[in-house]
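First, one chain by itself: the form predicted on its own, in structure tokens.
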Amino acid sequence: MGEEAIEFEVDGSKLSVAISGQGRNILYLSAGLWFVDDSAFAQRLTAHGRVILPIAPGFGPGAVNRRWNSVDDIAYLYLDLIDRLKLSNVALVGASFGGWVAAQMAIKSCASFSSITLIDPVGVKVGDRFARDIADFYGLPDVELRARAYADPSIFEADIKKISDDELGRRVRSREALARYGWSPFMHDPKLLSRVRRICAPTQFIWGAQDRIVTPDYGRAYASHIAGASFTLIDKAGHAPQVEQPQAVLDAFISFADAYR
């Protein structure tokens, strides 16, 4: 089955969606980070289901509704997408920023989700006001950013002269869009941690053991607020285990999602 591209508009914002594969519905919400390209992992998922891959306004080409400035805006847009496509029994998968969006969706309604997998998500504050839970990746020099984000820092090519124009464009859009939706307070919703108790679908956290953007301790604290949530640690991986250890992440996801089909 080839790829299908659809587009629809809500409140002046256009949502582009790619759909590939067949079988169970897998809604994959990308990491959305300029220093992570997880498109290859999304492609791997197509061997295991019908993958719905939306591109949030601002992360792709096209104008953005200037009134849209929060992760909640994206969460409601994706819930509209589920309604528009009449999806059910969805295996929801979100990584990093996409994991934050997934959590914001799930506290509103889990009716369409058979399972939820969160891969090194941001979005909550687990420490006190003096603790930096989420590394300020905007302020980090490239060398330190790579070291914090990856177990193998060579994965991220920092020399813009060595990357394609398309990749450069993706990075620029991601940097701008992340700032739009998650700058203040930085990469979290102060109310989200107290609301994730509402998540009632089976939930799995997958975490890179060497993640120093948000550490495994942050992940365990996050998971502890969701009843029954499991926690899987992936060795030799940082903030994007789906990039560094894609097969291990895929195996963990499939094993978990299969149990709740």
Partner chain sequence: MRFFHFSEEPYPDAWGAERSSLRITIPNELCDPDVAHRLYHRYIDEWVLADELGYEIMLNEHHSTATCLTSSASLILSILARLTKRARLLVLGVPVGNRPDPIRVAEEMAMIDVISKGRLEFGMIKGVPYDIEPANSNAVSLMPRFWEAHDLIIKAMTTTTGPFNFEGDYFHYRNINIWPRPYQQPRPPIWVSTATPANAVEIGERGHVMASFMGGIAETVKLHKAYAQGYQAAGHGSKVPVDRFAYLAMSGVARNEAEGRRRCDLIADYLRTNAKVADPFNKPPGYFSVEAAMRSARSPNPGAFRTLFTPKGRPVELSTASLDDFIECGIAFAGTPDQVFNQICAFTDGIGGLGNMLLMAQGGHLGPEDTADSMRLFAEEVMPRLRNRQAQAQFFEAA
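Remember, predicted model here, so these are calculated numbers, not experimental data. Numbering follows the first chain given and starts at 1.
One more form of this protein, predicted together with the partner chain, exists but is not displayed; see below.
Interface residue remark: P141 is counted as part of the site for the partner chain in the predicted complex, having a heavy atom within 4.5 Å. Using a 4.5 Å cutoff between non-hydrogen atoms, R67 counts as a contact of the partner chain in the predicted complex. None of the heavy atoms of R129 is located within 4.5 Å of the partner chain in the predicted complex. None of the heavy atoms of E157 is located within 4.5 Å of the partner chain in the predicted complex. Contact with the partner chain, judged by heavy atoms within 4.5 Å in the predicted complex, is confined among 146-154, 174-182, 114-122, 88-96 to 174-182. With contact defined as any non-hydrogen atom lying within 4.5 angstroms of the partner chain in the predicted complex, the contacting residues in 134-169 are D136, Y138, G139, L140, P141, D142, I160, K161, I163, S164, D165, L168, G169, given in sequence order.
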